[in-house]
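Just the one chain here, the form predicted on its own, laid out as structure tokens.
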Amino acid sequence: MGKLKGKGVMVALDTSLERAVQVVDALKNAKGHFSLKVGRPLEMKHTIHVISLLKQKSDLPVVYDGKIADIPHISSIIAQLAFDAGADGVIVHGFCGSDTLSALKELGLGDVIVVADMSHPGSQDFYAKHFHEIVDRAVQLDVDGIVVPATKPERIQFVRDRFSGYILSPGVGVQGAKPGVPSNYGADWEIVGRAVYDAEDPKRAAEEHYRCVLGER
């Protein structure tokens, strides 16, 4: 977990490629610890090579948020493509089970980050009921990171108490969680999208959020 070590702000680039590049350019001179998250919308529209492009433009850590959810063989192929494109980590659904998670770990190409719960209401149907089991399995397999919603701070604390890797928390800003709260409960990376890429000054927005992560405001 070398490049994703420490606390910081992970900017989700769920926007147009033009705006994503503008945000990345703005972050070059921003004061703080930042990383990028490339999701399926940007990848599907511009191919997996968008990871390479953004990596070259920023040299910031890049996580591929493909929400990988398949059998070990197919999941490994997806992860391999992302790592080959320059991703430092990939996000995989925890419900896939230990064989898929182990297969990605065995690639040894970058960080494996497991979704243990999600922030939308539908997560109550299945994820919420198996959260503890998914966390236990992720810890046993020594994954690099675990995704826990910023809107469920008590769950962040639960993971922090038993996990030595890093915690990513989406749901800050538009989805309701206040900047800095996930960090107070043990999150390492607060994930924010629209609050940065829709901001008139994305550099300033990212820096302000980073100060919240540090508890400076």
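Fair warning: this is a prediction, and the values are worked out from it, not measured in the lab. Residue numbers run from 1 along the displayed sequence.
Missing here is the form predicted in complex with a small molecule; even so, the following discussion is about that form.
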Report whether the minimum heavy atom distance between D88 and the small molecule in the predicted bound form is within 4.5 Å. no
Contact between K67 and the small molecule in the predicted bound form at 4.5 Å, heavy atoms? yes
My question is simply whether Q175 lines the interface with the small molecule in the predicted bound form - judged by any non-hydrogen atom within 4.5 Å. yes
Does the small molecule get within 4.5 angstroms of any non-hydrogen atom of P202 in the predicted bound form? no
Based on heavy atom distances of 4.5 Å or less, which listed stretch (117-125, 78-86, 104-112, 132-140) is in contact with the small molecule in the predicted bound form? 117-125
